[in-house]
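Same chain, two versions here, written out as structure tokens and called structure 1 and structure 2.
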Structure 1
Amino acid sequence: MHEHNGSGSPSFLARLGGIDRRWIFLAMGLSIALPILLKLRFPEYPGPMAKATFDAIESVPEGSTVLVAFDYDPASAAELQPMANAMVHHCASRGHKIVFMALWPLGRQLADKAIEEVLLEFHPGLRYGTDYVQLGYQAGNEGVIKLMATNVPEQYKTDTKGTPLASLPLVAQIKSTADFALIASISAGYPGAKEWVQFAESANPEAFKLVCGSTGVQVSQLLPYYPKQLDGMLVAVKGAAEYEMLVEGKYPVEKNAERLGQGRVRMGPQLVAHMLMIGLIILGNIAMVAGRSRGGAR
């Protein structure tokens, strides 16, 4: 902040480079807070990856057993819970039976939340044990996937309620990951979608469809797997918003629809904050050029 001491009064632009970063923090805070307070909403247009994910879940025959892995924690829930909610509603509406699990310890409660706020809210007729099962978390990261690829009951002795898998009709016949029609990993990093590709998809490439929801940070890592190893992929909160639109278009709900619209709500602040980011980068460069030309003139 004090680089310009004693060399005359620098121009505004040159001084800009040394601005207290708390002003930038404030600008960022406002750019996100204001759109939320003003409830800014913008239209979304589903892209090919969101469509591929939607189609993958649609293409599996009605009544199939799908596995949804909650491989994230509350730190990424802002991006991923909207995808999880929409996916759970989609699978249930399509008539699929859902098995929930988590590779991240904190993911288990996020799965519970999706069950409570989406599955039981919009599909109250579903019965535990025959229509859905919550297996919960197991320690071991990719070791869990690798073991499940050949022997699910060896990894999961019971569900989260302590009921043996053999007593739950939905999972009693599940021997390995190949017995699922579709696996979805809602993934925030390691372990997550990449490990599902490496340890489950590779072991049984044709056995099931594999889709994922990914945080913005992890997308790059997963892109090479799409569309061959990953049949669908939801990219960051935009992917969530696009997918929500597709799901809502085909399977609308009558009340509490906001539970399936969180992704679109969070797209409002994106526009303003992204413009701020672009503005900041441009301003930073202008300040650099201004500072340099001033330095050159001296």
Structure 2
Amino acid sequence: MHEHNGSGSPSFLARLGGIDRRWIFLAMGLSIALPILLKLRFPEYPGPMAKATFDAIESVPEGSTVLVAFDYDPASAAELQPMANAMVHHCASRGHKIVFMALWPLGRQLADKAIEEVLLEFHPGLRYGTDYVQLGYQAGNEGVIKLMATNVPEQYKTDTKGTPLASLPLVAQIKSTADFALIASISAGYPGAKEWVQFAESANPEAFKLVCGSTGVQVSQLLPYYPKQLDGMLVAVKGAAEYEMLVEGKYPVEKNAERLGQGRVRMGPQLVAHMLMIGLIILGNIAMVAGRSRGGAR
């Protein structure tokens, strides 16, 4: 039986309690679709982990050699590629020399994508072999890190083009992971950031700064290492969006800026959908409490 107001029609709260759930599904669909179609970007307020990641890269002297490991595949690219793009742009803007590698088979292709769409797009004057090198994928999981911790040339004898490392000025003098000023692992799981902590950082404590980007499901494995072993950590799309704000604030680009703002674009649907869910929960509880109160009064 519907509750009626004085005019005999159902009250607003009664109608709210009996709303067809299909309207809720439609509202949720629109709250996700519209921000995507409109590419809405909302301001983000960077948290301490995003700031720590930004500060770690800023603190490394300009022109340092850094290693960026693409330890994920396309299944996690929606979460991780935005932070990888922003990190590559950040490192290049600081004048750092970047060595790319991957512990996941398809990580090389994602690194190539960042090189083409970010590194060379926004820093076209960079030269291969001097300013950046692509080492690519090596099988072996944590075994790759273990050997690199003591002997990089033994693990990587050539780059992806088959050029011996000794012929590439950027990496000719690299002997171990201790020769990098900073290592960044963009990680979707095993092998990834956790193994970099366990087998690279532990082998050369304090020799380099170590930061990571992580999917949401992996973060619980990494939190124990922050901030002692990990100098900075970005968590999922939220972390990417916060980091993008910091990078764009100091190193803006004039064109194709959307390539460095995908984290914020992907946060748009989450924000609107979460606000809708909160609103529905509040209205549902108001309707329930009001119905109980009127029922008790009768």
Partner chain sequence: MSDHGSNEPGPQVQAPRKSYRFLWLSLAVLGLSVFALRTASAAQAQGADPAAAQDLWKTIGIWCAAFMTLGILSFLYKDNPFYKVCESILIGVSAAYWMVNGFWSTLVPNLFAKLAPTTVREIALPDLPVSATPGTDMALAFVPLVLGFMLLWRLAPRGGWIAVWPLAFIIGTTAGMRLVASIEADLLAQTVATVRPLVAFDKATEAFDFWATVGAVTSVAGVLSVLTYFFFSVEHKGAVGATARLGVWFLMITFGSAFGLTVMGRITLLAQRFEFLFKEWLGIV
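Residue positions are counted from 1 along structure 1's sequence. The term rigid core refers to the maximal set of C-alpha atoms that superpose within 1.5 Å between the two forms. Since the model is a prediction, treat every value here as computed from it, not as a measurement.
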Form predicted in complex with the partner chain - structure 1 or 2: 1
Please state whether L30 has a C-alpha shift of 2 Å or more between structure 1 and structure 2, with the rigid core used for the fit. yes
Residue shift check between structure 1 and structure 2, rigid core fit, V272 Cα at least 2 Å: yes
In degrees, what is the turn of the smaller rigid part relative to the larger one between structure 1 and structure 2? 32
